[in-house]
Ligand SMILES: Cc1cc2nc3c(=O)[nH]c(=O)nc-3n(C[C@H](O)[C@H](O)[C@H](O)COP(=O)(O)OP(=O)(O)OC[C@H]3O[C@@H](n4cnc5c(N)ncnc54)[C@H](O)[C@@H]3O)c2cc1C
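In structure tokens, one chain follows: the form predicted on its own.
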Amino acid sequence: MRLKPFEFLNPSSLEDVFELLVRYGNEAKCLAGGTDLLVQMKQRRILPKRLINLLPLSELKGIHKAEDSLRIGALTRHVDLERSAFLEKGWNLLALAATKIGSPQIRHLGTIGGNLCNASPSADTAPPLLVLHATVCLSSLKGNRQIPLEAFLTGPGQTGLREDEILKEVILPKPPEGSLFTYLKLGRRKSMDLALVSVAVLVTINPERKTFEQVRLALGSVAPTPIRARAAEKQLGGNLIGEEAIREAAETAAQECQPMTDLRATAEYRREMVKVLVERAVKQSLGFPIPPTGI
């Protein structure tokens, strides 16, 4: 299906972008990688009269490391996340998730900002960013404001982005020392597919007491937005490390989610797979043996 005609705007600065957003309001959409937006335009789900091209704006690109944080520009591509030397220790949970997105072609075009602003419940970058306590910086002519990613994602295809704002960057605080992590994604195929269920885990342990010190769990594709499984986190925190404790927490996580039935999977199947994936993800992060899997 062909795209309906639209005006293509090439601003030369962020200020120009903000002025265009104020001038045209909901008649305009910002274009980053376009891997979601252009598909939706072809399907007539979104019909903007104007596209504002963000790609030439270098200030929205790149990964910058400070002493206690990492700042990722909204136009940073998924392939850049895969390859960045700055994504180390707990931060490279995000790099791991980036390898699961689409195909190499998609990863060379798609951006972290576009992935978040599309606000799909199955967005691969969202669960890792939730457990990394990500904050998003939103920018407009009025200045910058920062909100937690959890508050930014408000529903399927919906965010806290105002009409005159763009997502400028994602800010990650330093992960806890000794962070252990993993990201598992279940799809109908091993690659190039949306997640039926995804799980991100970040764990720290007390090796002397053999207990969980801190556990962060996030789930994708099983609620209107990616969510933290806080009851399961609390259940594991401070407990002795063991298979029974992990299994019970996985069952709790399965009860916390709000899956729906669609063409790809039933709600019942998704809930059962949350239980399976959470157990496997926690075990894998700890180095426990898990059954062979294509996930």
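Source: prediction; values computed, not measured. Counting begins at 1, following the sequence as shown.
There is also a form predicted in complex with the named molecule; it is not shown, and the following applies to it.
- Just one listed stretch, out of 198 to 206, 215 to 223, 159 to 167, 140 to 148, contacts the named molecule in the predicted bound form at the 4.5 Å heavy atom level, and that stretch is 159 to 167.
- 109 is the sole member of 109, 87, 171, 96 with a non-hydrogen atom within 4.5 Å of the named molecule in the predicted bound form.
- Of the residues given (240, 47, 39, 231), 39 alone sits with a heavy atom within 4.5 Å of the named molecule in the predicted bound form.
- A residue is said to contact a partner when one of its heavy atoms sits within 4.5 Å of a partner heavy atom; residue 61 fails this definition for the named molecule in the predicted bound form, lying far away.
- Of the heavy atoms in residue 35, some are within 4.5 Å of the named molecule in the predicted bound form.
- In the predicted bound form, the named molecule stays beyond 4.5 Å of every heavy atom belonging to residue 57.
- Interface residue remark: residue 100 is counted as part of the site for the named molecule in the predicted bound form, having a heavy atom within 4.5 Å.
- Proximity to the named molecule in the predicted bound form holds for none of 71, 92 and 134, with the criterion being a heavy atom within 4.5 Å.
- Contacts between stretch 105 to 126 and the named molecule, counted in the predicted bound form as any heavy atom lying within 4.5 Å, involve 106, 109, 110, 111, 113, 114, 115, 117, 118, 122, 123, 124, listed in sequence order.
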